[in-house]
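Just the one chain here, the form predicted alone, laid out as structure tokens.
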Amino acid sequence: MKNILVVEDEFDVQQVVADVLRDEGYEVAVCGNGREALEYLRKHRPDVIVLDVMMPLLSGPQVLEQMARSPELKGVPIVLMSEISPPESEPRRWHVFLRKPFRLEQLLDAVTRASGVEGRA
């Protein structure tokens, strides 16, 4: 069973994403902001992280920057989700980008592609 960490500050979105992934058989942990996510990642290594860009306390790009400094967290597949495109000037530290709003099928496809289960290019 794949472990997924969902990092999203909007409670309704967080719950829908987590419920859909659980229904598909994933084990899901949730964090409400980037700071909580980094705390979680000190003790766990998920198979995939679904990460929002715009969050209070610590943004998605800030989480990615800190993860890049950690040898233990390098290579963890990231699905980055946002209403806006990620800035082109930043180094690309994510694997799949998911633009909000998205259909649930798009979420599942993004997680599948990121985890390498199938459909990886």
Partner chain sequence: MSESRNEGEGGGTREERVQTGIPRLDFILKGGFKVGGAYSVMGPPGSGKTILANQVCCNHIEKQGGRCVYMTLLVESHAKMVGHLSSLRFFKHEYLPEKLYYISGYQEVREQGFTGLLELIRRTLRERRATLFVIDGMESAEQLSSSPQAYREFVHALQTAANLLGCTILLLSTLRSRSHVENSLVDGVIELSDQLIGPRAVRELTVHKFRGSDYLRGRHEVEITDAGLIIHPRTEIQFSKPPEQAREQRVRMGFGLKRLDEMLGGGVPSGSTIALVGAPGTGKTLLGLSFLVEGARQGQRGTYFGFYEPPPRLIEKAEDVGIPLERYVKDGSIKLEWQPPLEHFMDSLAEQLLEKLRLDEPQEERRRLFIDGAEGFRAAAVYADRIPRFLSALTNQLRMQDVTTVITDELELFQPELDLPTPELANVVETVVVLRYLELRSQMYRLLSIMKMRESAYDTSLREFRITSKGIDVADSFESAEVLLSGHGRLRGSPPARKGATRRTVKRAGKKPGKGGGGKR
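Residue numbers count along the first chain shown, from 1. Treat the numbers as computed from the prediction; the structure is a model and nothing was measured.
Keep in mind the form predicted in complex with the partner chain is missing from the figure; the text below concerns it.
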item: The partner chain contact in the predicted bound form: R35, any heavy atom under 4.5 Å; value: yes
item: 4.5 Å heavy atom contact, K100 to the partner chain in the predicted bound form; value: yes
item: In the predicted bound form, E105 touching the partner chain (heavy atom, 4.5 Å); value: no
item: Exercise: P56 in contact with the partner chain in the predicted bound form, heavy atom 4.5 Å; value: yes
